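Consider the single chain below, provided in structure tokens and representing the form predicted on its own.
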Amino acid sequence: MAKHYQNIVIGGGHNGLVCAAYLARAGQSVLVVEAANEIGGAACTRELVPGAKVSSGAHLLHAMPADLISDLGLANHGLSFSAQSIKTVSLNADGPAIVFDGDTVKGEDVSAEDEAAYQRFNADMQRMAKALRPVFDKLAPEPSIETWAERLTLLGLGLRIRSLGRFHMRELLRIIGMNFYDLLDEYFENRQLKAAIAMDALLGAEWGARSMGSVLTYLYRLAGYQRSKGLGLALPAGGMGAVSQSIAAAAKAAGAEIRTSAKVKSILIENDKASGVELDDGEKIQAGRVISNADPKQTFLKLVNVDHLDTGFIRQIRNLRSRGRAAKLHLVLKAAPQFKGLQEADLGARMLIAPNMDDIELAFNPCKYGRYPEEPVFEITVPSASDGSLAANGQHVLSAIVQYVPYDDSAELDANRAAFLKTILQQLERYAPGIGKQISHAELLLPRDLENEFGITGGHWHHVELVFEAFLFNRPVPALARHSSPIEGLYMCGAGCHPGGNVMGIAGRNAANQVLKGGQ
């Protein structure tokens, strides 16, 4: 007789693994089914060429809660860090770099006034992010006030915002829907400084610095730094795959089972209730509940028969904004690269290429119309400078997020990828002269490639764009805001849920709590 599980988790990405770990710790039987031949999803490490490993998707950890890491005992399951609290360096092709270290910023072209303004700006934003952090860390509040629990939740949110004081409360309400371009103009003069700060609001997003709501995504990122409690920007030893492996080890230690190379064909539904999954090979696995770590479109437009869903709900899912705008670049280098204005000792820093906010907008504009930018903006790391296990024989690996790349599913995808890679390398050459001759292998993953590799619709690392219409009790749509779904026994635990993407595991933990409570 086939084994019957209390829970099946679809997708062995970090949120699915976190969800499985918490369910198993509560004494529940759990099976995780992962389509790929290894777990991790976009948080994985793979060998690019013999002797060189890269983090395929995410390449830095900054938002995972310290209490989650402690609660699951991830340090005891192999998680360690080769670098923490990494500096950020904004590179300049024609002048000195700007260095961000904690709450200070330094640079030859940064005035004393801008240095003081950065401390004031950082203090203001940190204060607001702290007030909002419980909103990002917990279950999305229920907007109704039909029960005392719902009333108290919304009252608590109001009190946290009111605790900011009159000035900062009004300031938060004034800026929360603003564009980041205008806000930074209120604080700073240095154009490169403003662009470097703006990158934290725009990485992975579908919009530019002048887009409304970009302040929200900056506060979202700051809340991540706060919940990690001093971890800052961190590089896990062995790459991001080490994070997923440690969570998987914690889940297995608690009794969860994990199967790889097990692609789900459909979610089984009997008597309007989720009852298990059917795999591509025809195997059917029964369960009392199914928790999907896949994105909403994948879950409800491909895995669930639409006959079980309301037409209005399907329309909402189809209209979700989920086309990624970020590509991933991997380079294997014969030797350490030399960047202008960067000391060799700082090669392990996070580097940005974004000369000013107008250049960010110029990179953003073409991709709105399906075209590739002539000068994209970058977040660059050389993880092998801190972790020698990632590259052998004096080699180095460079990993970069290339921002504002269109979702290209045309017949010319391969030719467009090759042409854009050439554009990228030409731009890198301006900031790291001679890097082209050092490259022994190059790989560029466009949003379409990320979609194919990780099974994420549109290749969007948030699964659904983090915007006001898909935020809090609207994320991704109202019927899914608290992890349950219109189908009894079917739950969601991925980045498309509140609070959103990045490698943090909060959606997985909150989903597990809802399952254990029987939330529906």
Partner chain sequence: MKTNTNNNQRPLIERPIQETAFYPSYKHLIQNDNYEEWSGYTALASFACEGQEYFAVRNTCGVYDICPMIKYDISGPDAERFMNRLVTRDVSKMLPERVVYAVWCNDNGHVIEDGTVFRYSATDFRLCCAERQLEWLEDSSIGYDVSIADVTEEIAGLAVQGPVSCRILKKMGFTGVENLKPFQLATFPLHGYDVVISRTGFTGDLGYELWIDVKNASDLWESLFSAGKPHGILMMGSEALEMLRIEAGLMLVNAEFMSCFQTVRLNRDRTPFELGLDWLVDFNKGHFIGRRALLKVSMKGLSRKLVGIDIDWNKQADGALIYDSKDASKQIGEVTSALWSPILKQNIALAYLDAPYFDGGKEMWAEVYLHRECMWERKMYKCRVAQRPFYSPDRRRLTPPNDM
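Residue numbers count along the first chain shown, from 1. Because the structure is predicted, anything quoted here is derived from the model rather than measured.
There is also a form predicted together with the partner chain; it is not shown, and the following applies to it.
K.L.:
Only one of A26, A66, I487, A36 has a non-hydrogen atom within 4.5 angstroms of the partner chain in the model of the complex; which is it?
P.N.:
Only one listed residue qualifies here, and that residue is I487.
K.L.:
Only one of G370, G165, G177, G312 gets a heavy atom within 4.5 Å of the partner chain in the model of the complex. Which one?
P.N.:
After the contact test, the surviving option is G312.
K.L.:
Among 313-321, 336-344, 165-173, 224-232, which stretch has residues whose heavy atoms lie within 4.5 Å of the partner chain in the model of the complex?
P.N.:
Looking at the other structure, the answer is 313-321.
K.L.:
In the model of the complex, is there a heavy atom of the partner chain that lies within 4.5 Å of any heavy atom of E283, even though the partner is absent here?
P.N.:
Flag for E283 set to no.
K.L.:
Does the partner chain come within 4.5 Å of any heavy atom of M212 in the model of the complex?
P.N.:
Although the partner chain is absent here, M212 would stay clear of it in the model of the complex, with no heavy atoms inside 4.5 Å.
K.L.:
So, V306 and the partner chain: in the model of the complex, are they within 4.5 Å at any heavy atom pair?
P.N.:
V306: yes, in contact with the partner chain in the model of the complex.
K.L.:
Please run the contact check for D272 against the partner chain in the model of the complex: heavy atoms, 4.5 angstroms, yes or no?
P.N.:
So D272 counts as contacting the partner chain.
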